[in-house]
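Read the single chain below, which is given as structure tokens and is the form predicted alone.
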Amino acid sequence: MNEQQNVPPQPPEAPKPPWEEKPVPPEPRDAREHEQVREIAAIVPDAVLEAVEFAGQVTVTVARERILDVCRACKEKLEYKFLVDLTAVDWLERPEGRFDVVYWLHRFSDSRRLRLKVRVADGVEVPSVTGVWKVANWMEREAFDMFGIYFADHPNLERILTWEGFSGHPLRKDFPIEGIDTGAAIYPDVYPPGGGPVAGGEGE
């Protein structure tokens, strides 16, 4: 006898509630009195510039010169042991600093996440956090490669996704969508104008 014939019929699933006609999106709200923010402020005074809670997530804007102290305190005293990601955002026309460098932290004891953010002007260095989380090494190299953000005291700040000699930083908002001619400027005797290194060592 087929075993499937012995499986009792399942009751029909309850209908799902109808989608809201006009869903209410979450609104950002001040989070300076949030528990996670107060923990930071108590350990590293005057480091927190802003704090916002949005969709259940807390983002803390930290003074650039204090980011290393805050990250070290978050790991060693507040138990944010895991650096989930480190990336950047380009706000091309923003007068108070073109870039945000963003750090996403995780605490295993209560499964909480925290986002730190630093505003930085183009050409201004951000302290490297590789001494706090080793995994930040490649993350900072990616931010340098894609955005041109420099990290002071990084042990090996080189490109990681493009090649040395690549012209520009592809995730900057002023980088041309159609790309740029990079190959001929690097190896003019090997690659034609518009070409570049690809798999197999051939130009396109």
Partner chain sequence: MGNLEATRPFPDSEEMEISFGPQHPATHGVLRVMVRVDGEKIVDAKPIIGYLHRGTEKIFERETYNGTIPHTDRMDYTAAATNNQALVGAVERMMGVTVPPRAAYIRMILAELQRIASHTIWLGTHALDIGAQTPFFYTFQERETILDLYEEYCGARLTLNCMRVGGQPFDLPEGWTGRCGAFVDQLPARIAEWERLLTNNRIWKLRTIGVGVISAANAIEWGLTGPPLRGSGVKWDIRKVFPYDRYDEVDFEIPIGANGDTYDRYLVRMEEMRQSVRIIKQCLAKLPDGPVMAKVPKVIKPPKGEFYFSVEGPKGELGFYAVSDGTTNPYRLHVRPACFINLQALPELVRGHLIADMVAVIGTLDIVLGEIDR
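From a predicted model like this one, the values you see are computed outputs, not experimental measurements. Residue numbers count along the first chain shown, from 1.
The protein also exists as the form predicted in complex with the partner chain; that form is not presented, and the subsequent description refers to it.
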Contact residue in the predicted bound form, chosen from Leu161, Ala42, Ala63, Ala152 - any heavy atom within 4.5 Å of the partner chain: Leu161
Check Val89 for me: does it contact the partner chain in the predicted bound form (non-hydrogen atoms, 4.5 angstroms)? yes
In the predicted bound form, does Pro170 have a heavy atom within 4.5 Å of the partner chain? yes
With the cut-off set at 4.5 Å between non-hydrogen atoms, does Val132 touch the partner chain in the predicted bound form? yes
Any of the heavy atoms of Arg113 lying within 4.5 Å of the partner chain in the predicted bound form? yes
Which residues in 53-79 have a heavy atom within 4.5 Å of the partner chain in the predicted bound form? Phe54, Ala55, Gln57, Thr59, Lys75
